[in-house]
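In the block that follows, a single chain appears as structure tokens, in the form predicted alone.
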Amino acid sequence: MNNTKTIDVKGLEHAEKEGLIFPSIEELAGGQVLRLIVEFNPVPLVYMLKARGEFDVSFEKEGPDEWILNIKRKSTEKDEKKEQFRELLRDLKEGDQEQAKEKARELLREVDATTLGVMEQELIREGVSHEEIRSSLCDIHLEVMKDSLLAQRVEVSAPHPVNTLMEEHKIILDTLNQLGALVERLEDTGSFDEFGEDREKLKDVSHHLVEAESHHQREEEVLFPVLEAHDIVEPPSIMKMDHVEFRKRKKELYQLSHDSRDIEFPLFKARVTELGKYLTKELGSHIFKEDNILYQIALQVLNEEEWAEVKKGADKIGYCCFTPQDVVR
């Protein structure tokens, strides 16, 4: 990202000058520089900016026909960490993986869930793609922050909406463990007859995974909009992208397990194995991110009145067939 932006306002009317200068100054991120070119000595602007204490101001040129003012927003600790995250992404794409992971361990040791979510959001707004965050940075976060995130996790009791979502996650994780075991046995199986009773178990597992749709619906339609109202936009967006991928694969797994009469066993085995491995790995990782990052951000920013509205909206949508009734009373 270019850290310097130049605007030339010479010859513009006063209102046009102000309409360009002040928004450009406010949009500066930490470490970024605005080169302002004017046809007069901007002494009042210099005094105002220095009085705010947020900017370093210096003259590149002082008259007689034009003045060039360099305005740099001072970097905060958060700005510095964000730039380190950006460098980390570059290292993960182009450099030594192990060295990059070690840098991540050092960088993320002191970062809490809220700061983590905000930095990811700002990076995406500055041009880092959703896919880079989802496939690279989030996975590194999980690996290097797992212990610290678990240690910092806030627990809430029933019938709080987060308690309900997390209790459902426990059941979904158990279902994924069953799916993983089924896939392992399927890999050593040569025919539908050999697969035997596991075909019925696969039907039950796929049914439970499809029935989790109201869980995702409550997140997407009730919890995520409240987070977005607090300007926590990108973490929910990443979770919704995951939901789209899971939805497609759960539906295909369900169809394969319930109607496998017209498919040859080798193809059935290959598709179920691929879908099962994807869901056990990616959905399990997704659940960890929600429990220890997304929900933790929500618990820090939403107030009691907002949680009451979330609960009301969740009750209106309804719950999964496997939701423990004692947590939604």
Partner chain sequence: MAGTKIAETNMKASFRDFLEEVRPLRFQEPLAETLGALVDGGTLEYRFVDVVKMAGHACPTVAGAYLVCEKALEALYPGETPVRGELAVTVYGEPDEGVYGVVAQVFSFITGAAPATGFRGLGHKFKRKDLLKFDPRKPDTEAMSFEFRRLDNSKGVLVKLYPRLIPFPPEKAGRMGRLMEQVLWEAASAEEKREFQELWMEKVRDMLIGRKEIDRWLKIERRD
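Since the model is a prediction, treat every value here as computed from it, not as a measurement. Positions refer to the first chain, counted from 1.
Keep in mind the form predicted in complex with its partner chain is missing from the figure; the text below concerns it.
This chain lacks the partner; the member of D198, E211, E167, E245 within 4.5 angstroms of its partner chain in the predicted bound form by a non-hydrogen atom is E211. Distance criterion of 4.5 Å from any heavy atom to its partner chain in the predicted bound form singles out Q255 from the list Q99, Q255, Q152, T189. Of the heavy atoms in K10, none are within 4.5 Å of its partner chain in the predicted bound form. Proximity of H207 to its partner chain in the predicted bound form falls within the 4.5 Å heavy atom cutoff. Its partner chain is not drawn, but in the predicted bound form it has no heavy atom within 4.5 Å of K103. In the predicted bound form, its partner chain sits beyond 4.5 Å of every heavy atom of K72. With its partner chain omitted here, the record of contacts in the predicted bound form names 247 to 255 of 172 to 180, 234 to 242, 247 to 255, 157 to 165, defined by a heavy atom within 4.5 Å. Taking its partner chain as positioned in the predicted bound form, the residues of 291 to 329 that bring a heavy atom within 4.5 Å of it are, in sequence order, K312, K316.
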